[in-house]
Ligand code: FAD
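First comes one chain, alone, set out as structure tokens in the form predicted on its own.
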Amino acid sequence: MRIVSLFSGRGPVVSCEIFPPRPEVEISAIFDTLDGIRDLAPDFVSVTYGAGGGTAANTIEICRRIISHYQLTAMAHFTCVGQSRDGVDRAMEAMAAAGVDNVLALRGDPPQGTTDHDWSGGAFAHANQLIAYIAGRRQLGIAAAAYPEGHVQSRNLDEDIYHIRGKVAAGAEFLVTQLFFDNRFFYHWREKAMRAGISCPVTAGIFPVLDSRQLGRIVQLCGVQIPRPLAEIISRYGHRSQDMRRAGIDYACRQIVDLLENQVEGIHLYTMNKPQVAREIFSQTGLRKPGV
């Protein structure tokens, strides 16, 4: 089933993101996470790919298990990094064999440990090129990434929205946003995207801050801003782990409730492989009740 068909106006599409364990960890470790979110019945579960495609085989295997064992819809992340056209073809064949009908096509992060990766060295330098290639060869549902505060390498938001239009024109059917902590950025971006002619569904990425030490790397990688209310939470609770966890979950819940009140089409929860956090957020926001 192509995920885009879920955006039918019956209510927000609710999804969770998980990531494969590190290569040195048994793949079975991820199934504890899936066991913990299964009865939340998310509309789909996305599985990340790892920097440089380091966990690509695990991504497809996890998606296979999500579909066959958990009876949930899976979306595999797929990146440009290090890909040849033959490699993409082989990966698409493996996904087809695993029953994967949906991909999130991304440029991706450079291989770990590199700071000056040459994107022109691969077959695909940009996500729109990968999207167009996949769309021309497989009947897959294709999602693309969007950035409410602009991509860190874009000069401004208008330039970034121009690139997103290119992804949609190449074959992306819906968009998943990068995390953000201030909903005003999302609403501003959504309005500008609509004015630019982007009419495909958009699901908003929400990341619960459970540990103040996470934020430095998040800001560096994603370029997101920390609004004053979140900064005050971190200042007050950052040194007390349990209080920070509760406050971070509460902040994410308030973001979600506000988004729902403003007719967001989807909520995409970055779970960080913490099923109990997902369960608390789903329950407190009314997204899903465990067992329903």
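Everything quoted here is computed from the prediction, not taken from an experiment. All residue numbers refer to positions in the sequence shown, first residue = 1.
Heads up, the form predicted in complex with ligand FAD isn't pictured, but that's what we're talking about next.
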property: Complete contact of G108, Y147 and T177 with ligand FAD in the predicted complex (any heavy atom, 4.5 Å); result: yes
property: Partner-facing stretch of 85-93, 189-197, 209-217, 98-106, counted where any non-hydrogen atom is within 4.5 angstroms of ligand FAD in the predicted complex; result: 98-106
property: Candidate from I134, V168, L72, A127 lying within 4.5 Å of ligand FAD in the predicted complex - any heavy atom; result: A127
property: Interface membership of F44, ligand FAD in the predicted complex, 4.5 Å heavy atom rule; result: no
property: 4.5 Å heavy atom contact, N183 and ligand FAD in the predicted complex; result: no
property: Touches ligand FAD in the predicted complex: T48 (any heavy atom, 4.5 Å); result: yes
property: 4.5 Å heavy atom contact, E173 and ligand FAD in the predicted complex; result: no
